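This document starts with one chain, in the form predicted alone, laid out as structure tokens.
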């Protein structure tokens, strides 16, 4: 049965959450000087939405890959008729270009230092998720953002997705009943992994700068472009990529309350042992992971698997909310569906409303970002909220590395009674980069 507004609560209309906000500042025709740091595929997707808004002049681009930077500059010129300046070093861009808005779409290990630098330069930030690579990086970002008084929007676009907002209203209406468990997951196909040979970086690429504060591995085609998410020096695997989106749905529903205990187990049962030597390497992130987050009134379980897919179930991606009145699944391309506990009742369903070809709602999130800047309305995926959601995968990775559960003081953001695990809330930076103070 297709859900219509007649079947669902009229009060659950989501226009205010899922529709672009009207920007009505004192100078609504003014264009913001906008720069991009990280001119890869996803960064250019965000940049296109900035241009499409009609409110942004793309003044500068930054990337350590000269070829990718040149291509991105040509694309901006084709779309806007204006040639942006190009930089390899984001610090030089900030010093010379003085942008008002900066998009950060670099790998996770760069998010904190670049966001902090942009905020201190006085610009607003749209940074991709997750907020950082380690917990205390993310905390430092929040601290600097509060002091700077600038808007930071994080790329958790499901916060403004129409069917996600509608599903939240459905949950909050009590239609699912009392919820005792949530299961969030993302599964895909895959198999054993063979090492790829290391090589010299492409001409015009500063590989040392790409690695930045993280350990410097040999260049490898598995890492760049795009494969870095499955290398733990630079990201946190699938739970840090997909997990932050769906765990954010849980915190959206529960009001941002932290879990009090976290446990995770993971491995590379199918991909095989990680390889790293002078000749070749593989990824080193787990090919499957389970994490349990114990909240005061419910338990949340995360699952990811990069083999066997999940065709035996109705859904391969999303969140199941298990309640006394039924089960609600919030998905991606499959919208949301409620399966009533009463078998005499038919399921309710709402189709997704997505922007193609990528199936995400960046246009809505960008409009929300501009509105937050102009009319000082809180951004939907503001840094404080995204920080809480980003911390959960990081804690799960600490649990996996230490092999034990963590007691978490959410108010103080501290691991209780485990000095070894607490050290992993930060990590050493490679010189000359300095870890930000939280």
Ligand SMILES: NC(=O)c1ccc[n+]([C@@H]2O[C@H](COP(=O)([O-])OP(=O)(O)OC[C@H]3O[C@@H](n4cnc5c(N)ncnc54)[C@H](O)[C@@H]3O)[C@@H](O)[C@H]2O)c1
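Here the structure is a predicted model, which is why all the values come from computation and not from measurement. Residue numbers count along the first chain shown, from 1.
Omitted here: the form predicted in complex with the ligand. The next part is about that form.
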| query | finding |
| --- | --- |
| Single option in 163, 150, 271, 157 placed near the ligand in the predicted complex, where near means a heavy atom within 4.5 Å | 157 |
| Contact residue in the predicted complex, from 174, 225, 180, 347 (heavy atom within 4.5 Å of the ligand) | 225 |
| Close approach of residue 56 to the ligand in the predicted complex, 4.5 Å, heavy atom | no |
| Residue contact check: residue 284 to the ligand in the predicted complex, 4.5 Å heavy atom | no |
| Residue 396 within 4.5 Å of the ligand in the predicted complex, heavy atoms | no |
| The ligand contact in the predicted complex: residue 62, any heavy atom under 4.5 Å | yes |
| Stretch from 384-392, 368-376, 63-71, 399-407 whose residues place a heavy atom within 4.5 Å of the ligand in the predicted complex | 63-71 |
| Contact test, all of 132, 237 and 293, partner the ligand in the predicted complex, heavy atom 4.5 Å | no |
| In the predicted complex: members of 112-127 within 4.5 Å of the ligand, any heavy atom | 114 |
